[in-house]
Ligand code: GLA
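Take a look at this single chain, the form predicted alone, given in structure tokens.
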Amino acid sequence: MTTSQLKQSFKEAYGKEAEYVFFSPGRVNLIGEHTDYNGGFVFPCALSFGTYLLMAKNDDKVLNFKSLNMPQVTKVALDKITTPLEKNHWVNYPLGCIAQFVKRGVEITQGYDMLIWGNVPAGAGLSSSAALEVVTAYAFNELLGTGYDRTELAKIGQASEHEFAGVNCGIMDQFASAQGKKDHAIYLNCDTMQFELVPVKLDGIKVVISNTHSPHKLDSGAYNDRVAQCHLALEQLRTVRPNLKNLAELSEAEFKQIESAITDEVAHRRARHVVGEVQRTKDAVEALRKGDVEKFGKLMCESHVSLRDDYEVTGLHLDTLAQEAWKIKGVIGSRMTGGGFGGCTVSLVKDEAIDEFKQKVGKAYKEITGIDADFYVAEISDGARRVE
């Protein structure tokens, strides 16, 4: 939808004009999966699609939330901001962000009418939830004049997901949505929050996102199980390395020296993925800096194998898309992206092979799963911003 169409929808919903329009993007992670909550490195970029938030002040001492995907308006009184709604209610994502301002000592006395619409494919693992959180945090930061920087806004979004949505996510998704820059990916140390914007120069190659249409649900428990398994591995490693802060501190060589301390076989595999994935991410970014896109692609494929075998977050749909992509001559690399359990793959595909990629991968995927995949040629975009 265009901004003018969204404004018309706002007027139809609330009987008045929108005063503000904000936008925050979804993201795709090129490499570095399930490392963020383990203190490791990630390498995401912001996308051109995301979530729009239109707002106007009201005199009713309430926050009114409406999504164009939902028929009803959800009302929350200003004195109820810090209380989550029932589990799985979509309003918990923006409401949790607003609650974080109150927790930081900010007084909210002004009511607002809000309309939300996004064009991030639902359930695709491209961080529609983070886009919603960050656009809310960005908007209230501006309207309340709180002056938080983009890193703090990402933390506000993460805290909302933890406390109101019940997902123990890392910081990557919110950080990418807040800090994204056109034609750059974000090389982020999730432990220190230090980051570098690295130019993504892919001469004759495009980033192609393939949607399984097998929706992932991070709040289903499997994601939180992985977090707990990594924590168990860390606790067992601390019996021989007491000062170990997180799994990502370990090099692969160091991990091999002490891995026998992990007595739980599942936790051991989870930890092995994390340590290996951190190294792959470092190597991939270095390869990109040197213009070695072939090596970057090889590391993407290795990442998928580790996520399939050691982290067990892929499944039939993601594996089929990745494995069929690997058969195409013009594919440099392909892997699942996001939390897993459905969602999307991300591939580097030579321009001349994109049509063949869509046709052959799509055909094989339909034959194996019975589902039609969708393909998007990604544009790397800027982070959260005010549109009008």
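A quick note: this is a predicted structure, and the numbers were derived from the prediction, not measured. Numbering starts at 1 and runs along the sequence shown.
The following text describes the form predicted together with this ligand, which does not appear among the structures shown.
Among G50, G339, G40, G333, the residue placing a heavy atom within 4.5 Å of this ligand in the predicted complex is G339. Distance criterion of 4.5 Å from any heavy atom to this ligand in the predicted complex singles out M172 from the list C97, M172, V135, V274. Put simply, F101 is far from this ligand in the predicted complex: not one heavy atom of it is within 4.5 Å. Looking at H34, you'd find a heavy atom of it within 4.5 angstroms of this ligand in the predicted complex. Contact check for Y223: a non-hydrogen atom falls within 4.5 Å of this ligand in the predicted complex. Residue heavy atoms within 4.5 Å of this ligand in the predicted complex occur in exactly one stretch of 346-354, 24-32, 66-74, 319-327, and that stretch is 24-32.
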